[in-house]
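One chain is shown next in structure tokens, namely the form predicted on its own.
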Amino acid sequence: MTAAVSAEDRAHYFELVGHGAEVPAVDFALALSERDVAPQDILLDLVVPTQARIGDLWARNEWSVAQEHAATHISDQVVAALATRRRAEHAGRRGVLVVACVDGEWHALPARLFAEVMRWDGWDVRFLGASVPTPHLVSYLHRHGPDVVAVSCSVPTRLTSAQRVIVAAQDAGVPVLAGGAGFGPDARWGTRLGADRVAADARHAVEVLRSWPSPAVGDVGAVRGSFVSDDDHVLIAKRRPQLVATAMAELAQRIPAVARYTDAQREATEYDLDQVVEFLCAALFVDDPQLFTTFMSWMGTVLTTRRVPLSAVACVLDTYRRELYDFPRALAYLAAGRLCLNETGLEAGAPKSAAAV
């Protein structure tokens, strides 16, 4: 019986990561391996929860971007060290698995971690890294003929790219496993976009892939055929520059300080406004308002902890609702997002008048 990662182990590892102690952190992970903790458990029960905690600390403005990047680098080094120290037994006995991030997805660590877990489970893994252009991925699939391609998406705004990959891979005769936070709770949007299988996390993926290539649940062709997205997300995406410019002008009128922003402040604000439109388009694409409301809750937390008045965000949502009057679904999603933003502000202790303007 293998040993398990304990709460004390996680606390000690987090302390090392928090101090940027790369070598001690890697040595600690390797020591756990020598203590007979399975390498996949070190990644899934030590590294993954630590990364989730770090992301939450950044969102709550308790960690800087620099600290988050340093910690992610350490986690990446832990993955590399374990992969080098603990070679997979019977590698390739299950078949060839290609792992790639969709085009525009730069969060490679989750996919790399997943790739090593699959390698230890007996797959011959070909990890292609971050942001793989769809034509290049398809060319690779045609050339090497893997048994499965695992598509990683961490941010929902890349779901349109993910669908292109899913369709292109299946047209090339390669079944697709979809996974990553970008596919939503239980990877539900991967199913909606027609992936042959989906996995909520790496452990679930191990179970799913061990049953491959038994028939998938349901008819994939029927799933793909039933997914019909209107053009709302495309039309609104084309209006992003106009929407952002209008929202910035409205903010400057409502909040005089905005008119005096430095170039850096203005650029950061425009980026946030653009993100609101991007997540709205992604939600419209998969026809699920939860995608947008979840983002608005997260954004509310991020902005509240940075002392940005949520009334400013409410103003932006109202501006978008005015501009998108001829898109009924978008109006409904924006209204739901505004309500969610209000609730987030109240939970965070923001004054009711500011959260509900």
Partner chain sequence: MSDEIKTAVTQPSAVSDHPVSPLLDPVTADAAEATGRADDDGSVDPLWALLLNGSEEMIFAVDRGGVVRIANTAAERTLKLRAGRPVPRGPLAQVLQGPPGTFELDVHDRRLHGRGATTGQWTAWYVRDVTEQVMRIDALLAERWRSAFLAEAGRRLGSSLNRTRAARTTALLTVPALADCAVVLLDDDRTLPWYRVDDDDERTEASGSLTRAQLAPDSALDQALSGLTVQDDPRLGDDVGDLLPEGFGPVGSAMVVPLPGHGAPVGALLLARHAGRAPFESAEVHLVRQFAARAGAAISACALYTAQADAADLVRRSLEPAALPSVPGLLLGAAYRPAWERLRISGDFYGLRPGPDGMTWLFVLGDVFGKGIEAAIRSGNVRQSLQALWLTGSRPSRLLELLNRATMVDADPTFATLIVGEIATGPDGGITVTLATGGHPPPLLLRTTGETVPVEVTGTALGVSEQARFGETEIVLGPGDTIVLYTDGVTEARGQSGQPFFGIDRLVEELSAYRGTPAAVIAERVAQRVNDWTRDRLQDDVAVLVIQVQPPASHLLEGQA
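Numbering follows the first chain given and starts at 1. Since the model is a prediction, treat every value here as computed from it, not as a measurement.
The following text describes the form predicted together with the partner chain, which does not appear among the structures shown.
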Each of 181, 211 and 293 near the partner chain in the model of the complex, meaning some heavy atom within 4.5 Å? no
Verify the contact flag for residue 194: yes if a non-hydrogen atom of it lies within 4.5 Å of a non-hydrogen atom of the partner chain in the model of the complex, no if not. no
Does any part of residue 315 reach within 4.5 Å of the partner chain in the model of the complex? Heavy atoms only, please. no
Even though the partner isn't displayed, in the model of the complex is residue 67 close enough to the partner chain, meaning a heavy atom within 4.5 Å? yes
Find out whether any non-hydrogen atom of residue 56 is located within 4.5 angstroms of the partner chain in the model of the complex, and reply yes or no. no
Just to confirm, with a 4.5 Å cut-off on non-hydrogen atoms, which of 188, 73, 85, 94 contacts the partner chain in the model of the complex? 73
Between the options 276, 282, 243, 132, which residue brings a heavy atom to within 4.5 Å of the partner chain in the model of the complex? 132
Answer range among 283 to 291, 110 to 118, 199 to 207, 268 to 276 for contact with the partner chain, defined in the model of the complex as heavy atoms within 4.5 Å: 268 to 276
Within 170 to 191, the residues having any heavy atom within 4.5 Å of the partner chain in the model of the complex are 171, 172, 173, 174
